[in-house]
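The chain below stands alone and is given in structure tokens; this is the form predicted alone.
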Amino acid sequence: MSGGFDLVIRGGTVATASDTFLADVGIRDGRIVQIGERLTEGREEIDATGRFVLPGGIDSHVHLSQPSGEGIVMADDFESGTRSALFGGNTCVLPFCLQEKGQSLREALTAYHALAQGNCYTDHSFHMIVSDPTASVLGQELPALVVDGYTSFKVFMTYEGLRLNDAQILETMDVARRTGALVMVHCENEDAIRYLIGRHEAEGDVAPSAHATTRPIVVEREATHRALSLAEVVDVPVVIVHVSNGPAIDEIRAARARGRKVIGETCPQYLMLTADDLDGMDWEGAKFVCSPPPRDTASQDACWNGLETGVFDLFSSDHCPFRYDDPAGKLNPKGKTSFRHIPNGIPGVETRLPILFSEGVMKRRIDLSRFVALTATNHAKVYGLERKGRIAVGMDADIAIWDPTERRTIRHADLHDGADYSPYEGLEVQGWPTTVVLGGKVMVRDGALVGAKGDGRYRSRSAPAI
């Protein structure tokens, strides 16, 4: 067999979205160039005997350095966020670039690229958040950005200042139809939420636990139905992000039964947390405030079923980190007076893969190939990352080597993000990515950082393949 490898990963169990097999992986010039038995020697070698050799994780739903309101600062910038992602076995993340009111999309992108440039430990690309769909944005900017490789954008049905009305969502979806881009939708009914917030505040119910009861399952289910109906009117595929419960899952199933192309996504918080976590003493429930909120054990079971049966194509973290004990975070001056001023979002980019591996693969809810599909291959396919998400000849050599026997207790003190807590503190997991390779370069070796800030690069994307 031909040699000249820069790196050989030898003797591991390689997993793809369809198969697992023992093999060596030969890497040259940042790409996988050969997969087989007894490959010739490389300049550098990794013994992966007894380990799983998996595609590096792609987390296609993260928030980094995002404007979050007056006096509120997100806990992770691109340096800390991508470092944390890397230690969690990820080699690519897709953060959101938020267009603020009155801002052009190009202005927002220029600012985000400047924040990311030279600061990333993983590769990255951007989704656009469309909050101000003016005629020029819809008619000129979005189509031009799709041509330039920004092939996905997100719309919100909740959050005053971000949400679009149905007419604006239809117009944005029509741009996707004409350009081949993909629309992601955050599905919650803002008017119903505002009604429930008003009722809770009138009754003096302002603790963090009220966040969950003002965003009940029905407001997500209704908005999911509406988003899918709007997509059907325009005749476009759609991604329903961070699905938390059975009734919303049923809406996705029903749309698919009508022949609609729907991508479903869920997150670790909907498998591991419940609304009871928001009812912590001394306002500690603020640590678990995110939207949609965690639900109940029946919803957890429904989300597991969705992962097992193919309703969900994507498993993402929705990493949206704020410090808890910080006047610019969860316990900001207003946040200590009412749940509605607590920043929405929790950290989780580093623990996404270990949680699903431990709770899914090791507990035999899903197999290793399904894990690979949910955490890497499908993300690459859905969002147009053509050379990522698979261990195959010609693909980027983005690889995570997992020790399936390693047991850890999740402690924030051992993690690498900029937050000051983990919502999964104390959770015992089995399996961890101990070595991570990005573009053929070893970035984490046996749990120690050996790569450099700036090794991660921006990646343009093609049209989604769905």
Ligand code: DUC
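Please read all numbers here as calculations on a predicted model, not as lab measurements. In case it trips you up, residue 1 is the first one in the sequence shown, and so on.
What follows is about the form predicted in complex with dihydropyrimidine-2,4(1H,3H)-dione (DUC), which we do not show.
- Across the proposed site, 61, 242 and 344 without exception bring a heavy atom within 4.5 Å of dihydropyrimidine-2,4(1H,3H)-dione (DUC) in the model of the complex.
- Although the partner is absent here, residue 154 sits close enough that one of its heavy atoms falls within 4.5 Å of dihydropyrimidine-2,4(1H,3H)-dione (DUC) in the model of the complex.
- Put simply, residue 320 is close to dihydropyrimidine-2,4(1H,3H)-dione (DUC) in the model of the complex: some heavy atom of it is within 4.5 Å.
- In the model of the complex, residue 291 approaches dihydropyrimidine-2,4(1H,3H)-dione (DUC) with a heavy atom inside 4.5 Å.
- Taking non-hydrogen atoms only, residue 195 never approaches dihydropyrimidine-2,4(1H,3H)-dione (DUC) to within 4.5 angstroms in the model of the complex.
- Contact with dihydropyrimidine-2,4(1H,3H)-dione (DUC) in the model of the complex, judged as any non-hydrogen atom within 4.5 angstroms, is confined among 155-163, 139-147, 305-313, 252-260 to 155-163.
- Screening 390, 127, 186, 381 for any heavy atom within 4.5 Å of dihydropyrimidine-2,4(1H,3H)-dione (DUC) in the model of the complex leaves a single hit, 186.
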